[in-house]
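Just the one chain here, the form predicted on its own, laid out as structure tokens.
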């Protein structure tokens, strides 16, 4: 009886080996073959532009405050029209954990995550991306969103000048 069980176990083991030998391999040759990530895959962070071509980032510091590993830093500036922008913007990808908290905190949808997962380098200092490295030409995943038009701040149109806004109230007229 033991001989029968031993033979059965050996045949089952060979059957598993033979079955896996004839199966199509699941590994890919990585540098030559690249896996297509899922649609919602989150990897490299980019800075996007609004539909008018201007920078979306208003340097509000919400992304750096939301970042749990403190890998985002920037300096705010303001142009002659009163529009805020980031004078410099820096992300340290050696510290970034790709959690997406910065993209959720961004009110202007300037920070977006792409599916580009190939950001490995031997020199860790080359993984500190400046604003010029992060800024892309297009609007990214939000092609029609313009923060200044949506918020009604007097850069694109005067305050209260949009269709769904009321003009600003004169607070002195509210006094008794």
Partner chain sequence: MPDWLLTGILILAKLGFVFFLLLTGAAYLVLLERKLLGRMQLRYGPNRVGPFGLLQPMADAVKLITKEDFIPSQADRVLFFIAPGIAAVTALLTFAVVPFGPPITLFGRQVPLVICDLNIGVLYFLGLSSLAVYGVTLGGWASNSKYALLGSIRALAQLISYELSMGLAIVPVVLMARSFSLTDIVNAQATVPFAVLNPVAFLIFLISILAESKRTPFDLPEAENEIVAGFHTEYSGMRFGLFFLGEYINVIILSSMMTVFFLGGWHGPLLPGIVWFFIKVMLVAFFFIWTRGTLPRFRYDQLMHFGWKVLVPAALANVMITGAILLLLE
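Positions refer to the first chain, counted from 1. This is a predicted model, so every value here is computed, not measured.
Omitted here: the form predicted in complex with the partner chain. The next part is about that form.
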(request) Give a yes or no for residue 29: in the predicted complex, does one of its heavy atoms lie within 4.5 Å of a heavy atom belonging to the partner chain? (result) yes
(message) Against the partner chain in the predicted complex, would residue 168 count as a contact residue? Criterion: heavy atoms within 4.5 Å.
(response) no
(message) So, residue 25 and the partner chain: in the predicted complex, are they within 4.5 Å at any heavy atom pair?
(response) yes
(request) Sort through 121-129, 136-144, 29-37, 53-61 and report the only stretch with a non-hydrogen atom within 4.5 Å of the partner chain in the predicted complex. (result) 29-37
(request) Output the sequence-ordered list of residues from 3-21 with at least one heavy atom within 4.5 Å of the partner chain in the predicted complex. (result) 10, 13, 14, 17, 18, 20, 21
